[in-house]
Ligand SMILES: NC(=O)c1ccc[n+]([C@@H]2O[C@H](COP(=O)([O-])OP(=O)(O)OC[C@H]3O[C@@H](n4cnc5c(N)ncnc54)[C@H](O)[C@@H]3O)[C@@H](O)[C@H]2O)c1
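Let's start with one chain on its own, the form predicted on its own, as structure tokens.
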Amino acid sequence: MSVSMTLRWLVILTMLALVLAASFLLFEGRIETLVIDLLSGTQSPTGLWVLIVTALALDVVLPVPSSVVNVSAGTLLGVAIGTFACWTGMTLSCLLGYWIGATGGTRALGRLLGRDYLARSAEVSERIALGSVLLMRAVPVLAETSTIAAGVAGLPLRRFLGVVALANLGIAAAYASLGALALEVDSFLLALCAALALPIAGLAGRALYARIKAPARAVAASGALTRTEAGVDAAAAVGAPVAQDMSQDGAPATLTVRQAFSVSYEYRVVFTRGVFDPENPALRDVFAAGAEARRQRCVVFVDRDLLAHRPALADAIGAYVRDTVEGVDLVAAPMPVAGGEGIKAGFETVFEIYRLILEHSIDRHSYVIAVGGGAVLDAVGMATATAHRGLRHIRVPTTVLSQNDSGVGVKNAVNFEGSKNFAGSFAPPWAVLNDFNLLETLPAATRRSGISEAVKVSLIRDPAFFLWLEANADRLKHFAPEAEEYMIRRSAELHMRQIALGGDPFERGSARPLDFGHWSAHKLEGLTRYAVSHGDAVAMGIALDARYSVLAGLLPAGMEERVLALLQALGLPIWHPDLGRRDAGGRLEILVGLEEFREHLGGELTVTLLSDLGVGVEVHEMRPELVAEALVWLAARGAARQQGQEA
């Protein structure tokens, strides 16, 4: 019932009270004589008790003046017995109403009382709760409709009975006490008027509660949609739609339903060697986790460059699935796809993967395996996340950068019209299998470039990891297996921790804390038409933002020198001429990357900088003059390094 409807009931009850008061003023003498006759002993107390209980029990289906009956119980039977009689009758009425709602008795009752009455009950059942039943016990009409609605909504009978029994006891005691008061003050009129104040107070209390609780008519809490479904069924049972309240101007009242739910994601990230060796159980275990009674289908996409360096890989994949995996059919030989940023240049590859998914009848319980670097995982991931609204995607990253960062995350995307990662989705993979053996055929520069993501995450999340990188820079530069494996595992762990515990895994806010050094890196990639790899661009972005942090007074002076020294020790670049490129108007083109970075998430510009080594801090402004000053510093450091290498 809306607030406006509640006010109408208040007016109606007030007018009724005035009419009754007037009648009692005119006929008080006769009524007092009638009460005296009832108390004279001509009526049996047992008969009176049965009459009161019966009248109150039928109040849910008949227009019984319950206030008068309740007050009379106290007057005729006394406080104790009158309270017991009122409580018994009201509780029986509640059980009758609950039974009508729970057993489908609404159809017959609809013929007797009208469909509007039951429509109100069905509407109440949409948002019924035990607290609402308790609140409505003293409210006319709603007291009865709430019990029917409780049955329709399927509230637990024991809990329902406990609530109404407790509420009825208080109401019964109040009415019986008022009736007994009539004998004390020698005025049944005064007691009756006081009794009428109880439901009026109940209506006023409910209106105040509705105003405080929410401005909308209904706010659905946990389980509200189930109750709404029950309400629709109730309306259908009487052959009429649920009644809709109207606002004062005659327009339909606004209904707001607030839905909330959560979805838990879990996927395994495996670090291994020889993932397609028959003795390695990692991939078999991934398939076993999703095994079903029927046979499942699988397709595999592999980076073409990787196949060129490992020509036996396709056969090894086919033999592994065919000979060692139960219940899964590899429906086609592993299919080669282009590697590198070109595969993400638009939707061409995504559409081709769609066609293959259709051709091979890959459904949502099938598997799509992508074997390749970050760009391959992005493009295949984009296709699998959107085909059939999501397929089971297994990633096998084959670069350092994809194993320690992008491959273990929840994002995928392709570029569009030159805008990096413009089209994409958040879709956690089914599993990630990092095979260190697959790194061995990478070009040295590509293999090293992925270390930049480890430097990045150490600078914003783990000072001890930064110290470890400093101490092991030479071993990492020359790909010492133990050092490389630890670097990848620790970096992946820190990235996964941010996704799980950072509070915004799907980036609904304006911040991207894991993208330290990335605002300029993404722009530099575009400026060079992706001649600069992502890892190298991130290394230069880290150097730029470390120096900016010092100029902005965030990072103690000298700390940027340590960052630069680590990047150089790892063999990573720190400068590219296009970082200082200016447009026809003399503006640094790299600064456009700030606005593009903001647009990618929307909202306020949020860039992660450094307040210490291992401690990131978010800022919402990047001063162009300080960016220019940092670039001059970085260009000088880059020139000095170049001269040193030439010497």
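The numbering used is simple: start at 1 and walk along the sequence shown. What you are looking at is a predicted structure, and each value in this text was computed from that prediction instead of being measured.
Just so you know, the form predicted in complex with this ligand exists too; it's not on screen, but the next bit is about it.
- Taking a 4.5 Å heavy atom cutoff to this ligand in the predicted bound form, the contact residue among 272, 324, 256, 421 is 421.
- Put simply, of 383, 401, 176, 432 only one has a heavy atom within 4.5 Å of this ligand in the predicted bound form, and it is 401.
- Looking at residue 89, you'd find every heavy atom of it more than 4.5 angstroms from this ligand in the predicted bound form.
- Taking the partner from the other structure, this ligand in the predicted bound form has a heavy atom within 4.5 Å of a heavy atom of residue 374.
- In the predicted bound form, residue 100 stays away from this ligand, with no heavy atom inside 4.5 Å.
- Taking the partner from elsewhere, residue 534 is found to have a heavy atom lying within 4.5 Å of this ligand in the predicted bound form.
- Screening 156-164, 78-86, 446-454, 274-282 for residues having heavy atoms within 4.5 Å of this ligand in the predicted bound form returns a single hit, 446-454.
- For the three marked residues, 461, 521 and 560, no heavy atom of any sits within 4.5 Å of this ligand in the predicted bound form.
- Along 324-345, a non-hydrogen atom within 4.5 Å of this ligand in the predicted bound form is carried by 339, 340, 341, 344, in order along the sequence.
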